[in-house]
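Here's a solo chain for you in structure tokens, the form predicted alone.
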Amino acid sequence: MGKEIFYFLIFPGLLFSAVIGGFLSWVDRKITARVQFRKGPPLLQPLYDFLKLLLKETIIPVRGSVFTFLVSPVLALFGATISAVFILLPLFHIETGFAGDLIVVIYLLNIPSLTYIIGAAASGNPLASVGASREMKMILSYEVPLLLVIVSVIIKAGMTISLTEIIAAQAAGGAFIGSISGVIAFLVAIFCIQAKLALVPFDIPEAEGEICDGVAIEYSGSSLALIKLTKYIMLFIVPSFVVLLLLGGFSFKGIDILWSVLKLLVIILLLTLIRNTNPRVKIDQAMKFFWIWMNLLAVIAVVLSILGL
């Protein structure tokens, strides 16, 4: 029991994922600043932002359900943290004896988005309701192509649904991105996680200029701090999930340590460049993009995987 608590609270769970996620948030903001010819924030700015919110008063909306409104950010943080444990343990080659963890991770990664919807609906704010509606539509849009990407990975890994075995299959035969289907699946995965992380051009549920942060409009103080912390963790574990599925996972032998870090940073760089070079799209445009083009590419990746390409 003590080991499980350590995994959840310290490493590779809450504390570790929050620290690395905060660092990656700083990297994202620093790259963004350079693209815009600005200096950018100091290294500890994500920590300052979190602590500042944590020490402020949490304002409770008059309308809506107070309990549901307050518990939603807690559940979002729980979902992100437990996802980090299930994803990072295989990546760090820690044996857990858990088979079929890939299926569990698929569900766990949706917990933060679902709790944002619940919290927004419980706030009683009409703009939050608009954000919740957009969040639901986005989930229905990007989840299908993302699931198809995972199906192609399962096929290439010999029909296994174990994250450890997926990493082992790539260690034996090379990273899946080294194939045609792997390249296509990686392209689809990048756009899907861009939407899952609510980054431009798919930040539609939180559009600041339109609905004033949408799902998070009524949150403040410690509740908003938990949402920010959840976003830090998700910025780390979702790209790490892609590294696990398609880039061969992490290795900690000699120079491979640097290569493992570069894999993660390259994905963060791609996400940052996409969000800094594209305008926000409309919700119908985003849905059409995923349902038509991303689904088409994902189906092609599945077919090529079946053919061994």
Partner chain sequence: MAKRTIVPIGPYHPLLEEPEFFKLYCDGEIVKEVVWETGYNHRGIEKICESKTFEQVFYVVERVCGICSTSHPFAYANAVESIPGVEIPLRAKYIRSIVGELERVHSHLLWVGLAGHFLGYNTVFMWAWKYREPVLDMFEIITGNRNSYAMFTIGGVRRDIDNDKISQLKKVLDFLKTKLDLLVGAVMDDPVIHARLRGVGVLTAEDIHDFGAVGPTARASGVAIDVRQDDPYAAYDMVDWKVITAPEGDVFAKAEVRLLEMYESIKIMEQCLEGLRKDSSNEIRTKVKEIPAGIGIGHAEAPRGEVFHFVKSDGSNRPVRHKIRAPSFTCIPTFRKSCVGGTIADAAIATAAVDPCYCCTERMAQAYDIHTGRQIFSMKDLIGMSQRKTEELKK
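Since the model is a prediction, treat every value here as computed from it, not as a measurement. Residue numbers count along the first chain shown, from 1.
FYI, the form predicted together with its partner chain isn't displayed, but the following is about it.
Q: Under a 4.5 angstroms heavy atom criterion, identify the one residue in Ile283, Val242, Val27, Leu47 near its partner chain in the model of the complex.
A: None of the others qualify; the residue that does is Ile283.
Q: Given that its partner chain is left out here, which of Ser260, Ser65, Asn276, Thr58 has a heavy atom within 4.5 Å of it in the model of the complex?
A: Checking each option against its partner chain in the model of the complex, the one that comes within 4.5 Å is Asn276.
Q: If the criterion is a non-hydrogen atom within 4.5 angstroms, does every one of Leu53, Ala216 and Lys228 touch its partner chain in the model of the complex?
A: Not a single residue of the candidate spot has a heavy atom within 4.5 Å of its partner chain in the model of the complex.
Q: Just to confirm the contact call: exactly one of 65 to 73, 37 to 45, 246 to 254, 263 to 271 touches its partner chain in the model of the complex at a 4.5 Å heavy atom cutoff, so which is it?
A: Single hit among the candidates: 37 to 45.
Q: Can you check whether Gly173 is within 4.5 Å of its partner chain in the model of the complex, heavy atom basis?
A: Outside the cut-off, so no.
Q: Could you confirm whether Ala168 comes within 4.5 Å of its partner chain in the model of the complex, counting heavy atoms only?
A: Ala168 lies outside the contact set for its partner chain.
Q: Val200: heavy atom within 4.5 Å of its partner chain in the model of the complex?
A: Output for Val200 is yes: heavy atoms within 4.5 Å of its partner chain.
Q: Looking in the model of the complex, any heavy atom of Gly178 within 4.5 Å of its partner chain?
A: No.
Q: Which residues in 237 to 257 have a heavy atom within 4.5 Å of its partner chain in the model of the complex?
A: The stretch 237 to 257, when checked against its partner chain in the model of the complex, contributes no residue at the 4.5 Å heavy-atom cut-off.
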